[in-house]
Each structure stands twice: as C-alpha cells, then as structure tokens.
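As structure tokens, one chain now follows by itself in the form predicted on its own.
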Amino acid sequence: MLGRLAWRNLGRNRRRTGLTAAAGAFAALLMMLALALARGSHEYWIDQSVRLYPGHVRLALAGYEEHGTLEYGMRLSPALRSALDALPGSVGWAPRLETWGLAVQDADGSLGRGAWIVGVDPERERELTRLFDGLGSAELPEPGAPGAVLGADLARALGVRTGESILLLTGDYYGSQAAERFRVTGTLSVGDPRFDERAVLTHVGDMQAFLDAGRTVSHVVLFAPTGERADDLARELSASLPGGYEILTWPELVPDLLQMLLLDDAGNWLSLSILVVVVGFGLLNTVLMSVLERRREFGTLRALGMRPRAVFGLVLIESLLLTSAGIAAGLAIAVPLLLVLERNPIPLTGEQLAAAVETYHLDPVLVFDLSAAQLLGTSAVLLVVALMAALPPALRAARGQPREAMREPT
C-alpha cells in the first residue's frame, strides 16, 4: 500500500518530479562518465608507461634495487626459466642485463659519452613492450654479430650513423675492464631522455659475452594483462620461487606515475563529492516542499489510523522511487554512450593537456572503461544520498500531530 501511495504521489506535481528526476539522471550520467574515464585512462596510462620499459613486475636478486650492480645479477637457469614459463599464458617475461659504461665513436681522437648499456631479447621486447616502437632506421640487433641500437640523441652526440661502429667500455662481471666494438644497427627515439640521450641496446646474449657474465642477467621483467593484476602476479612469483629474490611491482618501479594517478583520483573524487552534495540538497528541497504542502494529507492519514512509522516510510519510499527513476534514466543514457566511447578513444587537442600527458610518454587520448562495479557503485551512492536527504522531511511528517495538521488550509 505504501508503495502504491508513494508512486501515486510522484505524479501529483509532474513538473517538480520531472526536474528532480532529471537532476538525478544528470548526476548518474556524469558520475558514470567520470568513473569510466578514470578507470580507462588510468589503466591505459599504466599500460603505456610500464610497457615502455619498467614492466608490471620486476624480478631480481635481493639487493639489486639498492645497489644496481652486476654483483647482484641473477643466473637465468633452466629451472628459473621453467618457473617463469609456467606462469599463466597471458603473462609474458623478458630478461635484461644492464650496466653503465662509455660509448666512443670508432675513430681516432673521438670523445666518449656516458652510456646506459642494456642487453635485451629483441623478439620478446617486440611482443611485450613499446621499447622499439621508436626505432628510426635499420634493424634490431641480432645475436652473434655484435650490434647495437643507439638513442637518437646519443648517436648525434657521438657523430655516428647506422652501419658505422662504436666502442663500448665498461667493467665486466669480474671487475676487469671490458671493451668491444659494436656496429650501429639503428637509432631509437621514444621521447624519454633516459633512452634518447644515453641508451645503447644490444642483444642480451652478446651483452653476456661482452661482460663475461655467462647466463647472468640483471633482472627479469614481467608483463600482466592489466595493471590490476600486478599484485597477484607478484604473489604467484613469490609462492613459486625460493627465497632470496626481490619482487617489485609497477607502483614501486614508477612512483611518479603512481603519484600522478593518486592526484587525478583526488581531483575526481572531489568533483564527484561536490556533485553528490548538490544533488542531495536538491532532493532535500524537493521532498521537504512536498511534505510541507501535504501536511493536511498526512494529518488525515494519521487520523484514519496510519502510524507515524508508516508516514515516515511513505516519505522515504517516495524519495527512493524518485531517485531510482533518475538513476534508471541516467544509466540508460550512460551505458550505450560509454560502450561507444570504449571503442573510440577521444584524442586530446588542447596543447597544454596533451603536453602534460606526453610528459609521461603517453599518447594524448582519453580512454573509457565501463565496469559493473561502476553501475552498482553509482546507483548505491545516489540511493544513499536520497535516503539521507529524505530523513529530515520524513521525520517532520511522522512527528506531525493530526489535530494541528487538520487545521492546515486546503
């Protein structure tokens, strides 16, 4: 009976009901768009950042993060390879061997430049990372014939071109001096000074031979289907490997990105909180005005035997029905719109916004990702707000005395 009465009462002032429901629909639409944009953009930013180089998870010997030297390199044994290959098929991994050294043009009187020398597996990197997306010319280094891809700015500073040679000098695995001639097979430009100005990428097998490191690698990077899977992947690795390893996830590897995401989340939640508060006060005003206009009606119901708690429930049900209608309308618009936006990311055209995104080596696009949690969360928040906004008017209606209410003018 209360439900029928509440539904009937919503139609008594259709203009007010329509405007309030429209406000709820607008709030639901904005919340869905904001949540989907935050989820989609964050996952996109994480994926693009970690696939440039860091990986979702990094596996190394304990102490490598602090020292970063060959002394803390780990042996890529058949047993370790088997453990990594046994991970779910959606997880990929790639070995790397890093050191710092000096790169010199292979010519008399040439000056050297500090270089970040990295041995990689080009085939795995091509499948898993964006590292070679900026390969400007020639080919990837092949094993057996020492070749290297140089950062474009480093190549210009050294004055070398594709096909020419450079000398690399560094300390080997045993602390002795190592020097080797490498043919430049290409140049790389990814927009990150760490790579463009200092990187020398060669095949991990040639790097191990150059450093006399056997099967030693600095670390192994692993790539999960999504950034949210990084913690699960780290736990799986920890359970399958013996002690002595250091397992870091992307928030520890790329702390600047994590800070950017947290700052973006804070801004989103602040905006959504303001929106919810405004909607709540609007609904409070609507329900309160309805209660004040119907004091005589509530007095009549009380005189006929309706208990205060029933009057209280009637007002709450009206508020929930009104909000539910708005939520339904908002979701009916938001879901199809977001399904379209999921398939069609929006490119950023503003120069300042695009530059801010490119600072983190990302493509300037807005990506949306719709999830069931967003639907449930948006609906739940708005219903809770409706319930809280209806409490004061409902209490006022329930506490009214029949004698006083019946004296109200019609």
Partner chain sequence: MRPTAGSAYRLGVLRWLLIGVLVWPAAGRAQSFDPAELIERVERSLRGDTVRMRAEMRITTPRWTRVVEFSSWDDRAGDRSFIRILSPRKDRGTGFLRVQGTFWTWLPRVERTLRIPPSMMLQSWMGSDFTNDDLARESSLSEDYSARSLGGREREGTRAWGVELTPHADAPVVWARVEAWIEPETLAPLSLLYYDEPDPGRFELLRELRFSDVRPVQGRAFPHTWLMLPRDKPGHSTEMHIVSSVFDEPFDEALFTQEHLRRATGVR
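Residue numbers count along the first chain shown, from 1. Treat the numbers as computed from the prediction; the structure is a model and nothing was measured.
Another form exists, predicted together with the partner chain; not displayed. Remarks below refer to it.
I need to confirm a contact call. Of 232, 121, 142, 172, which residue comes within 4.5 Å of the partner chain in the predicted complex, counting heavy atoms only? Of the candidates 232, 121, 142, 172, 172 is the one lying within 4.5 Å of the partner chain in the predicted complex.
Sort through 105, 185, 249, 218 and report the residue having a heavy atom within 4.5 Å of the partner chain in the predicted complex. Residue within 4.5 Å of the partner: 105.
For the chain seen here without its partner, which of 76-84, 162-170, 332-340, 127-135 has a heavy atom within 4.5 Å of the partner chain in the predicted complex? Result for this chain: 162-170.
Spell out, yes or no, whether the shortest heavy atom distance between residue 226 and the partner chain in the predicted complex is within 4.5 Å. Residue 226: no contact with the partner chain in the predicted complex.
Does the partner chain get within 4.5 angstroms of any non-hydrogen atom of residue 178 in the predicted complex? Yes, residue 178 sits close enough to the partner chain in the predicted complex that at least one of its heavy atoms falls within 4.5 Å.
Although the partner chain is absent from this view, report whether residue 384 comes within 4.5 Å of it in the predicted complex, heavy atoms only. Taking the distances in the predicted complex, the answer for residue 384 is no, it never comes within 4.5 Å of the partner chain.
Can residue 33 be called a contact residue for the partner chain in the predicted complex at 4.5 Å between heavy atoms? Heavy-atom contact with the partner chain at 4.5 Å: absent for residue 33.
Residues within 4.5 Å of the partner chain in the predicted complex, restricted to 53-71 and counted by heavy atom: In sequence order, 61, 71 come within 4.5 Å of the partner.
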